[in-house]
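One chain follows as structure tokens, the form predicted on its own.
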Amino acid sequence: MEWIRESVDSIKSIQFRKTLSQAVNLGLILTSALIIWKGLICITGSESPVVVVLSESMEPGFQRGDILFLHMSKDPIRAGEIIVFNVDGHDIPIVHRVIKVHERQDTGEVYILTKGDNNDKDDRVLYAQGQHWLQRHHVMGRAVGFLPYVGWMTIIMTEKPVIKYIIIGALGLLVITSKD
């Protein structure tokens, strides 16, 4: 009987080590993702180096679901560039083209006006109440590259949270039941 009890204790010990190993691996994956994200922030100079286009306002240049790669340099912003900006009071950044840039000679402040390629009018209706121009601190970055349609999974999970929970649950179940 002693032999059976030792065998059961040995199996329990292996299961504990296996579970602990899986937890450590999951922690390493999450930590690596965070390090990569923070590294991209440092390299690009943008608070969000990757964004997903959420609307049709930039068609035909960018489609809904395209992923944009951003970079923020000290170079002056010029008309014709595509920028991503935040507006006070809105949580979601906007991807639009710069149509006018004004620089005050006395202070060096830059005022920017944007418009979506697929929109009829400029973006002043999107800006905060009483705001007619964007300033440099509103700009998150300039679009320097894109991957078409790769961001659709993000859009689907945002619009249908149930799908997000199903995917997270399935991945969690996969990690728990994996034999490795």
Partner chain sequence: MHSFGYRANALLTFAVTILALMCAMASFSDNFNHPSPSSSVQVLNVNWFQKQPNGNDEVSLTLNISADLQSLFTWNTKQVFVFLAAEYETPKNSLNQISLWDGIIASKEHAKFWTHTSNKYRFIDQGSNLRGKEFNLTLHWHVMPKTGKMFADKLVMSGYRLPKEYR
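These figures come from a predicted structure and were not determined experimentally. Positions refer to the first chain, counted from 1.
Only in words, not in the display: the form predicted together with the partner chain, which the text now covers.
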Testing 56-64, 27-35, 43-51, 151-159 against the partner chain in the predicted complex with a 4.5 Å heavy atom criterion leaves exactly one stretch, namely 56-64
Check your understanding: Would A79, I82 and V101 all count as contacting the partner chain in the predicted complex, using a 4.5 Å heavy atom cut-off?
Key -> yes
Is A143 one of the residues lying within 4.5 Å of the partner chain in the predicted complex, judged by heavy atom distances?
yes
Self-check item: the partner chain contact in the predicted complex: K115, any heavy atom under 4.5 Å
Solution: yes
Contact between L147 and the partner chain in the predicted complex at 4.5 Å, heavy atoms? yes
